[in-house]
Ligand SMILES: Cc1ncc(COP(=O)(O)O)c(C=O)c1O
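Next up: a single chain in structure tokens, the form predicted on its own.
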């Protein structure tokens, strides 16, 4: 039996149409897009057509998009390329790809905004930390918990005082048509492999007028803002994947139906065994995160995840960027849940209702086995 894949927040399968769009650029379209001969010009054209496609979907100008190797690099470019000396403002539940460069660049001038018990940052708590020239970074959708931050309201608060806002939005397009013009953030991170595209490609949106300069030297690519030969097949695949998503405006409703089924299954079958951390409201429909009282992180979490894998269910214990570590993440520590193992279910375009039911049943069996073994 094929595995039940419920780890879309880590990475998503690539639809056949995306693979088909990429294949020519591994073969006859191999040219370097910086070369001026025919092969190079064809590769360059593929990049610029993809940039225009993405810009049209995101409601911004093509020149405002910088292609990168993924979300981590985009976050680093946003933070390191900001040309301001004001204090940094962020929260303890951000991705490490934000927290580490923020602390590294700010020289101790970092204001941490504490989230509420669900992990959501309130604009009322952000506003007092903002000053002219400050740099704020708050993710749109938390990659572990699935909670949605009020980024549009935070952007308005930043604009009111002359501060800059960056948001890591890599988890957003999978379920929502992201409109960057309406969102209002000055810098936005996106990643291809979270939306049905390939790994190794992402983008950074830079709003016109943002005090930003490129920090990757050499080559002059991406208008001297990010050096290095562009990943032509990846960029083409990224654009195609986003096209497919945006062609299905009802995907959020479909994911919400599956989300509700998963929650109902957990409540009816495992209410005595798990605590659901992702709230019903103010959350994205593709992520449900639970803690498991009585099972510790680390070795206990490993037993859970590997036990589910043996049952044919692929999930994670949290962020996929912790190099396989199953200890409690900084996000769970910030919420006071670091003493329990956790499971993150994340669904996507290939998930079925039957798979949800099978996963719930398997989860109960595995948790009961692990509790007996401890």
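In this text the structure is predicted, and so the values were computed from the model without any measurement. Numbering follows the first chain given and starts at 1.
The next section is about a form of this same protein that is not shown, the form predicted together with the named molecule.
query: Quick one: is residue 207 in contact with the named molecule in the predicted bound form, heavy atoms, 4.5 Å cut-off?
result: Because no heavy atom of residue 207 falls inside 4.5 Å of the named molecule in the predicted bound form, the answer is no.
message: So in the predicted bound form, is the named molecule close enough to residue 348 to count as touching (4.5 Å, heavy atoms)?
response: Residue 348: no, not in contact with the named molecule in the predicted bound form.
query: Within a 4.5 Å heavy atom cut-off, is residue 194 in contact with the named molecule in the predicted bound form?
result: Answer yes; at least one heavy atom of residue 194 falls within 4.5 Å of the named molecule in the predicted bound form.
message: Please determine whether residue 171 contacts the named molecule in the predicted bound form, using a 4.5 Å cut-off between heavy atoms.
response: Heavy-atom contact with the named molecule at 4.5 Å: present for residue 171.
message: Counting any non-hydrogen atom inside 4.5 Å, which residue from 291, 72, 278, 231 sits next to the named molecule in the predicted bound form?
response: If I apply the 4.5 Å criterion carefully, the residue I get is 72.
task: Name the residue from 263, 225, 95, 251 that puts a heavy atom within 4.5 Å of the named molecule in the predicted bound form.
output: That would be 95.
task: Have a look at 295-303, 237-245, 81-89, 185-193 and name the one stretch with heavy atoms inside 4.5 Å of the named molecule in the predicted bound form.
output: Selected stretch: 185-193.
Heavy atom within 4.5 Å of the named molecule in the predicted bound form - qualifying residues of 113-151: Result: 139, 143.
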